[in-house]
Ligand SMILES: Nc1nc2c(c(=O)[nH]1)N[C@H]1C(S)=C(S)[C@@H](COP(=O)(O)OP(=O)(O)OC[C@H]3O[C@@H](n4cnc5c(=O)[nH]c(N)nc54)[C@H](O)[C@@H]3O)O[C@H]1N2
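One chain follows as structure tokens, the form predicted on its own.
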Amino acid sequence: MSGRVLKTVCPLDCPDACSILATVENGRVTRLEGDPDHPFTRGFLCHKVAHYDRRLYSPLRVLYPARRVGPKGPGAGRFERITWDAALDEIASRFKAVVAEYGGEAILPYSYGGSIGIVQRNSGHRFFYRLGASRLLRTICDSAAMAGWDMTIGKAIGNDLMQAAESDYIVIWGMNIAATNLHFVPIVKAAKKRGARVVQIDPHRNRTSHLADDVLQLRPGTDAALALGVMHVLIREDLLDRDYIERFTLGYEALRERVLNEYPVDRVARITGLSESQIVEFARGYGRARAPFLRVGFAFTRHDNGGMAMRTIACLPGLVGAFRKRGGGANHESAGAFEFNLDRVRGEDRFHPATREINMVKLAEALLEEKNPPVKALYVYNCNPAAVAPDQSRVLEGLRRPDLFTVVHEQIHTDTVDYADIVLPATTFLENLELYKSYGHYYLQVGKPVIEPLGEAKPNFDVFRLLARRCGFTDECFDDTEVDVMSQALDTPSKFMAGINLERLMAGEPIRVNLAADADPFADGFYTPSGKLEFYSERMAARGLDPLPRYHACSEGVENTALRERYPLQLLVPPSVHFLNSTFGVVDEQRRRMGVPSVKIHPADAAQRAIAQGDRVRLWNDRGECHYQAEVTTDTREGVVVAEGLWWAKHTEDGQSANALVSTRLTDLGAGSTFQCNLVEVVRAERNGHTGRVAAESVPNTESRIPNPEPRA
């Protein structure tokens, strides 16, 4: 019997938002392929999602509600199956008790990008607003980047990535597109066939480096300095589009004075660790190109100077008029064109939340430090904070609190599930209805379920409606269906969304927002207060910040000489091509592809520490430590170590991942995370009194699983 082929959409935190063809046989997903008719993703998937069925049917899949029995932590207690009624009653009862004693702000929702769908990602807001819970500032990923881009450009849009196929000079800055934007790779290859030159800017070589003609391995956190050095050359050598500057930009003369006086190439070379010739050659290539295209990632924005770095880099296309050149321009995100009515979707128009805000980066502080009121209940969905939150050791300490009531609504038995009091089974994208935008292309899609939910799994949306009823909330919004919410999201006056309705989307085809594929997105002006690309920003000045682009050193970077005496190596923790953050850490095949937790170290740094290839090494700083296997390679520059991930703690040798070394400091703009701005030391480690090497079989697999017997009440 041949299977049915059904269309759906990948929901994961990736700019590509792929259209998927799922083959279903006898109610079971047997194959996942890319949809060849999607204009951007064009028929192929990353190997992670192509094998998503292994995650879907993993033995660690959470299928039924369960209650903890015994202490919190991996291997410490166990779970007993209970009914949905029992689980919902207990959650509602505990929440009501917390509200009665401490107030609603003692309850903290914690969620992020486990799904980028509009319905499931935002479905908890109404409930928690109505409950009076603390509001979560969801800043762990892109807030610094968005704030910096906004201060220059005004909205998170840019030239369509497809345009880059006609570029003659492509710059990939702070992004490993082979891991995090795979469908841009064929576009780059097409441009190279036409003769384009490709430059990658990144402190370490990765899979994207094979596409590049030049790789500029600058010191981490010095990206703004490099951009200012490039500006110096462009201005000094008059490699400018003066007509564009005059008509479409604001503050050029002030920028010119600063750049020429403060950022000569020799100073920038000292800051970045690049040679003067590398900086000049790059600037000339960019300035002389017919149609330079800048693809800007997130990596450099996860330093505490990251917001200003993004603002500064976003100025470059304005100097050369790249946005209006066919094949040229710049793209950081496309999400700004999807102007949904999120106030209505989230219930902000109805409940007008005015409760305290807690930054998700600072979960450790929220759980451990004195608050008024203290956080007494935590509800986790679409996220795995035990793995992904910074200052991991303290996060786990907070999650172990016996007085903290923790609910985890999850698909898989993650690290965070180990600390739950109540576990609820969640659907995957193959089992629920959803509306999807993208932050890499301009197509809107509906993803439909292709199978019935496994076990007793429920989507976020259903669970929050059920909890609202258990808590006695009679507001009519809790009677909405997913289709109602999708319609509400599309009820917007946005010019980008005009003419797009749910009936068209439910037919199953991707629909492009109203931004032409070959258009200059800023032909009618930018989205700043002035309507121009702002080299000079009055909004920055009003906040007491420097209104012009500038470079300031990272707190934990090359210029912090005092701290570097103790911790001389800068740690980078970029995404792995195999894991996509922590999402696929459960899949045996993905872990086999990764090997064992390893850290890249430059040969000179390794020799200084008597570290050889394959040695077990200890990474540490004042926040914590973890043990990895050494990979001695010139792919990273001297003074920088790279731990790709993210490994779940339960799959590491000592129950700690690289996030044990990461601080909760916030970025200069956007109050974002600083995952790439941390100094460490690395030494050859001892095991049982002697130096050892890590073998794959030495990494423990301490997985427990939610039981599936008959439930208890």
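Fair warning: this is a prediction, and the values are worked out from it, not measured in the lab. The first residue of the sequence shown is number 1, and the count goes up from there.
The discussion below concerns the form predicted together with the ligand, not included here.
Figure note: of the listed segments 300 to 308, 502 to 510, 365 to 373, 227 to 235, the one touching the ligand in the predicted bound form, with heavy atoms no more than 4.5 Å away, is 300 to 308. Using a 4.5 Å cutoff between non-hydrogen atoms, Asn382 counts as a contact of the ligand in the predicted bound form.
Although the partner is absent here, Ile601 is not a contact residue: none of its heavy atoms lies within 4.5 angstroms of the ligand in the predicted bound form. Proximity of Glu410 to the ligand in the predicted bound form: non-hydrogen atoms within 4.5 Å are present.
A residue is said to contact a partner when one of its heavy atoms sits within 4.5 Å of a partner heavy atom; Tyr64 fails this definition for the ligand in the predicted bound form, lying far away.
Proximity to the ligand in the predicted bound form, defined as a heavy atom within 4.5 Å, singles out one entry of Asn176, Thr249, Gln629, Asn331, which is Asn176. A heavy atom within 4.5 Å of the ligand in the predicted bound form is found for one listed residue only; from Leu255, Val577, Val171, Ala337, this is Val577. Looking at the ligand in the predicted bound form, residues Arg394, Pro568 and Gly655 place no heavy atom within 4.5 Å of it. Taking the ligand as positioned in the predicted bound form, the residues of 172 to 210 that bring a heavy atom within 4.5 Å of it are, in sequence order, Trp173, Gly174, Met175, Asn176, Ala179, Thr180, Ile201, Asp202, Pro203, His204, Asn206.
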